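Given next, in structure tokens, is a single chain: the form predicted alone.
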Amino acid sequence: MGGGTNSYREIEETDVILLWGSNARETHPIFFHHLLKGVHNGARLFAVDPRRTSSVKWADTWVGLDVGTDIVVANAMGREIIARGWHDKRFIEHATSGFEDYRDAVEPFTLAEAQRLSGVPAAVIHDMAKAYATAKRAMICWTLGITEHHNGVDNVSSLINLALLTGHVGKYASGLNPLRGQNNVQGGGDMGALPDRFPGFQHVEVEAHRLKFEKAWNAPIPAKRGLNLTAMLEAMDHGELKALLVLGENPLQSEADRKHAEKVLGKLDFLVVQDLVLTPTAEMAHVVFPAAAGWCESEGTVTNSERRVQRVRRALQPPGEARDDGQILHDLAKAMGHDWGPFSAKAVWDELRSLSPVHQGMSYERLEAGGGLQWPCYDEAHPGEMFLHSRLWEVPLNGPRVAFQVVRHSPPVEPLTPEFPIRLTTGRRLDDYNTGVQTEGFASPLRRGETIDLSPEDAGALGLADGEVARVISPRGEIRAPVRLTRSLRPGLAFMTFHFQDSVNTNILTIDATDPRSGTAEFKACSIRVEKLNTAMLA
């Protein structure tokens, strides 16, 4: 199941936290308050990130690895843990499979070799491995710094391996937690907004699941999984996908390689966009459905990073022609010959509960009586699970073993060259949100606009001053952006956000190399060069 294994409260009471590829201070500020309570209660925090982010201020240790070497560090930790005898042999024998293959795969990743490949000192990797493996309770938290790579699934698997190796999963205050970067990302996945899953993470290709949904929905369902977003863009390019309905998404500006996204969206015979604001994607659409604001003009539920389902209540009526997203879909279905009756968010939720076992016990009445419930919640007497996978500690083992995954280091797709010698990585900042369509219209004392962040050493070598507009070029295109000098970056590494696409279109630079399993693009690693603008260019 795609969900974090632990609750917010548990990170307040753990002993060691590996914050890996996540600047949670800026990108997950609510969660970070809980993490800080853990630090104040004595937890050691290791911040694993190529940048010295604002989260590092509270860390015991900054583990400053080179972009794209997460597997190197994780595998080296695994090797060190095994070599020192810090692994949980009883848990491994009881609940896992594939340990021998994993042990053999990590053997080449000595501390010295890991230091050579990743740039992280051997002593730092040893210290992190020891702290994590020998702690009574330990948690790994990660976000897009792990997943937005061409091998993002392998990156995640390398962290899961560490939890299996040490037994830090399936128990209180120990586990694996992907932090969700947007409101209700967790809920979207839970509800089946995935190409291979029904609601409740029930697999489309399992016949029993498919037959259950076919009976409930009175419609045949293909036995084969659908396309993820990357595959959809490829299908548009090849003319195989001709019509698209976009709900609350701005792919024109959020996809890697802006020029390619614009080209394939332009090939569609019919584009419909349903959104709160008129995004640049909506400006390309043949039809736009104005939608209600989900947080104050709609009824329903959202699910946060700790799997907690909470009620959302309408406070205001949507303005003008805007309608609740669910109402729009009901009206669209009726126009296409399928009358689903009057729209009711509660009726939709009750149908979901009847089909998703992990949500079955979550009636509106129970959700409204307290602060929500965490899935799985199997019946109306069930309190909801605070943490997942406790079955792994049951004797005899309840259910299947969990397999170690052999993962091998694969550097960024686009190497650095004399022509493009600087590594660009992208991310978010506290004051703005994704492509800016929800935040740029509001004033913020923190907002400073887009910049190309460089180390003082790189800027000095290029003859660039702080605030000077420079030319930034990748193999896909070029943009202009003001230079910002920051000690958070080491020489050879640059940073930009994608918050200000109307003024500085960062996604012209990024590469659309994708993970073959998740379809996620490698936003975290492309090669660039930065040039000083001469007088003729400025004219």
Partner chain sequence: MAEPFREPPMWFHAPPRPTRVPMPPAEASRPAVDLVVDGKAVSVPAGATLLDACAKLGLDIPTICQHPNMTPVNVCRVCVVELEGARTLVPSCSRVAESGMKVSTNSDRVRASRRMVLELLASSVDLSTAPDIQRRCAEYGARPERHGSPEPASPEGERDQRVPGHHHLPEPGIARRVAQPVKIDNDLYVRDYSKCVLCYKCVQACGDEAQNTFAISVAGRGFDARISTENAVPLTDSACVYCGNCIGVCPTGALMFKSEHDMRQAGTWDESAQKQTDTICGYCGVGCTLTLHVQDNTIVKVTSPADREITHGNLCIKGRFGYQSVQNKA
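Residue numbers count along the first chain shown, from 1. These numbers come from a predicted model, not from an experiment.
The same protein also exists as the form predicted together with its partner chain; that form is not shown, yet it is the one meant from here on.
The candidate site formed by V156, R391 and L430 is fully in contact with its partner chain in the predicted bound form, as each residue has a non-hydrogen atom within 4.5 angstroms of it.
Residues with any non-hydrogen atom within 4.5 angstroms of its partner chain in the predicted bound form fall in just one of 245-253, 81-89, 212-220, 161-169: 161-169. Residue contact with its partner chain in the predicted bound form: S344 places no heavy atom within 4.5 Å of it.
Mapping the unseen interface onto this chain, W340 falls outside it, with no heavy atom inside 4.5 Å of its partner chain in the predicted bound form. Contact check for P29: a non-hydrogen atom falls within 4.5 Å of its partner chain in the predicted bound form. In the predicted bound form, I473 stays away from its partner chain, with no heavy atom inside 4.5 Å.
Scanning P108, G460, P319, P421 against its partner chain in the predicted bound form with a 4.5 Å heavy atom cut-off leaves one residue, P319. V302 is the sole member of V302, V272, M191, L416 with a non-hydrogen atom within 4.5 Å of its partner chain in the predicted bound form. Residues of 178-198 that come within 4.5 Å of its partner chain in the predicted bound form, judged by any heavy atom, are R180, G181, Q182, N183, L194, R197 in sequence order.
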